[in-house]
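Below, in structure tokens: the form predicted on its own, a single chain.
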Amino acid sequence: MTPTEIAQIDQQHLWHPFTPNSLWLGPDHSPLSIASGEGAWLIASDGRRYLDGNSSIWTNLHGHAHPKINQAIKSQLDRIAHSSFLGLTHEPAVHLAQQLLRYTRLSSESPNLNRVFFSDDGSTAIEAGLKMILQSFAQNGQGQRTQFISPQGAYHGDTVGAMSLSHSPTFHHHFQPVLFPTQKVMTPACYRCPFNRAKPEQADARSYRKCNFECASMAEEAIEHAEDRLAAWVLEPRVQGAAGMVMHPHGYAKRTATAARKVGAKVFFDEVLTAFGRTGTSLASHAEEVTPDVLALAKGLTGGYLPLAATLTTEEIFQSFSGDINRTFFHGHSYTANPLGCSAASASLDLLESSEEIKKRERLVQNLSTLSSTFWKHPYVGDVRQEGAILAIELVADRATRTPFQSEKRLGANICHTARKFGLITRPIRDVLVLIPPYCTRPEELEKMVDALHQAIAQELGS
């Protein structure tokens, strides 16, 4: 099919996620069709090349068409593509589970995550985790523990349980009547924190904040007040992605996790975005020196190749399902532990742990840090924040007052659309521009990504 035919049939028959119909089906919109990829590049059906500035919605770790992951999938394909995981097992799943348990361990002295439950995506990993926690408490004589607490703006997915744990009105307000109630506490966002007395500076707001860490104290108070009703404290450690790449002050996850354990609740971390080196360490929770009781992984698990997720938990929680058959965890997925996905994930983890790839990732983080300072030349940039290989640039109508632009302007979306003219594909979160490059991105390619955003900002804002 020609690019025009692809676009026409798409607009007639397909339904895209998180995509307004009024824009996608608009008379002036022509869908961009991606035909192939190599390294940090996406190649359109018409041959145009674009840098993948958001790692294909935060999933691609090592670049497109990586030879080692390609070969792992091809080798497994010659054996079997899929078999049921209900009452059966296979080597790719067993091998990957061993890798994940080793990769996610904080230290030899830390508590172990010892069980791996495979599923399909981030939402299903979260769904499995919350059901594990609720059923475990019920079967251990603590059925009153049904409350969950998480920060404002939390986003954990779009299945019913995951939506209930979230606080994202934009995405989920239509479904409130069927969601179970959960409690929210203030977002630990230094740039817009009402307790931060610091005047705006040209730096990450976390670095010059003036406060008494009220966000952590308020979360601790809510957790303490919940007492034996609390099932779990749920957190995206260090970075709340869909909330606008909100980057937490360091120490927040550790303080709040400690508070949850004091009242006997579980610590449930959503590292769907932040795992696998994205924030600079294997897990974001490692930097906080916390091992959760339940850990959700997805997105980059297969290196961005195939749908696969994992929910890791402790032996204690797993054993609470032993005994009578009615204590079984009646939860599953047809494609649980798909062998192709497991093989891709194993190859990705091998790459993550190689010394050469670690050095490459460290150089990328440092180069991103150096280039990030150039965004302050634009007068409408209010905050530039970075956590590892994640960069966020927040645009404001007035830097001195932190006044945001009117949402109707869709400024972030317009800038990212304009960036395509300069060879960059990325996706904003409202007026927060995001760069999450694949780890294979070379210095000159990273410079092109940054330059494309600069040109797009200048074209849309005249600065």
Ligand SMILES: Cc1ncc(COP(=O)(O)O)c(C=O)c1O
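All figures in this text were calculated on a predicted structure; none of them were measured in a lab. One-based numbering along the sequence shown.
Although it is not shown, the form predicted in complex with the named molecule is what the next lines describe.
The listed set Tyr155, Phe268, Tyr305, Phe148 contains one residue whose heavy atoms approach the named molecule in the predicted bound form to within 4.5 Å, identified as Tyr155. Checking Glu236, Asp293, Glu127, Asp383 for any heavy atom within 4.5 Å of the named molecule in the predicted bound form turns up a single hit: Glu236.
Proximity of Leu165 to the named molecule in the predicted bound form falls outside the 4.5 Å heavy atom cutoff. Contact check for Trp58: a non-hydrogen atom falls within 4.5 Å of the named molecule in the predicted bound form.
Among residues of the shown chain, Val272 is one whose heavy atoms approach the named molecule to within 4.5 Å in the predicted bound form. Using a 4.5 angstroms limit between non-hydrogen atoms, Arg278 is distant from the named molecule in the predicted bound form.
Looking at 115-123, 364-372, 189-197, 326-334, the stretch with residues near the named molecule in the predicted bound form, meaning non-hydrogen atoms within 4.5 angstroms, turns out to be 115-123.
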